[in-house]
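The chain below stands alone and is given in structure tokens; this is the form predicted alone.
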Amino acid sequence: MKRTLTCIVCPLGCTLEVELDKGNVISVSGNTCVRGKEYAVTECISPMRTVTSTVKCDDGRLVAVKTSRPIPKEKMFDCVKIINNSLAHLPIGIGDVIIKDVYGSDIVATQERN
């Protein structure tokens, strides 16, 4: 089986051709750098995503948040449910952990709230 991907690791946007056999990557072509090959393998075997969202603060405002590292793609909607059911306590600084260990990642603030 062949799969065509557009690499998102850098601005070049290489078109990657991935050959798969029984769920294993046999070859990757079209990448300009090693990072493209790594992206293709991960995307085909175990896709990961960074989640961005907002959390309600205890004063009613929202604060922007994101996962501190990518999580498994199939856990994205569960992650958003956890975020939506949480409440952040003021004051909040950029990088503050709002929720610990959500599928191997912390949910961190990407803006300040006082």
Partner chain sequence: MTDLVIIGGGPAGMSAAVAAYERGVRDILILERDDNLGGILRQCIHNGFGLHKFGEELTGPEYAYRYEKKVRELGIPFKLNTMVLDITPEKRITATNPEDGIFTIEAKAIILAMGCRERAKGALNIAGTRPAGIFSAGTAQKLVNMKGYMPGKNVVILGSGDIGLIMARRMTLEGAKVAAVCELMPYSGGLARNIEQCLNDFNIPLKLSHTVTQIHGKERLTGVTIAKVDENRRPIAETREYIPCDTLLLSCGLIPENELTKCTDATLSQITGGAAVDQNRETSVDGIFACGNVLHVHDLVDYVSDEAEIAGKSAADYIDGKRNKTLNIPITTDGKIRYTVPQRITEAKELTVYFRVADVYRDVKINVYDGEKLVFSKKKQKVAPGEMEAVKLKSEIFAYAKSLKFVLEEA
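C-alpha atoms forming the largest set that superposes within 1.5 Å between two forms make up the rigid core. Note that the structure is predicted; figures quoted are calculated from it, not measured. Positions refer to the first chain, counted from 1.
The protein also exists as the form predicted together with its partner chain; that form is not presented, and the subsequent description refers to it.
A.B. asks: Go through Ser86, Ser53, Ser29, Thr42 and name the one with a heavy atom inside 4.5 Å of its partner chain in the model of the complex.
C.D. replies: By the 4.5 Å heavy-atom cutoff, the listed residue in contact is Ser53.
A.B. asks: So in the model of the complex, is its partner chain close enough to Ile8 to count as touching (4.5 Å, heavy atoms)?
C.D. replies: Looking in the model of the complex, residue contacts with its partner chain include Ile8, since a heavy atom lies within 4.5 Å.
A.B. asks: Is the gap between Leu90 and its partner chain in the model of the complex 4.5 Å or less for some heavy atom pair?
C.D. replies: Flag for Leu90 set to no.
A.B. asks: Please determine whether Ile94 contacts its partner chain in the model of the complex, using a 4.5 Å cut-off between heavy atoms.
C.D. replies: Taking the distances in the model of the complex, the answer for Ile94 is yes, it comes within 4.5 Å of its partner chain.
A.B. asks: Just checking whether Gly23 would be counted as a contact of its partner chain in the model of the complex - the rule being heavy atoms within 4.5 angstroms.
C.D. replies: Heavy-atom contact with its partner chain at 4.5 Å: absent for Gly23.
A.B. asks: Decide yes or no: are Lys73, Met76 and Thr110 jointly within 4.5 Å of its partner chain in the model of the complex, with each residue judged by its heavy atoms?
C.D. replies: Verified in the model of the complex; spot residues all in contact, yes.
A.B. asks: If you look in the model of the complex, which residues in 55-71 sit within 4.5 Å of its partner chain (heavy atoms)?
C.D. replies: If the 4.5 Å heavy-atom criterion is applied to its partner chain in the model of the complex, 55-71 yields Leu62, Ala64, Lys66.
A.B. asks: Could you check whether the CA atom of Val102 moves 2 Å or more between this form and the one not shown, using the rigid core for the fit?
C.D. replies: Stays below the 2 Å threshold, so no.
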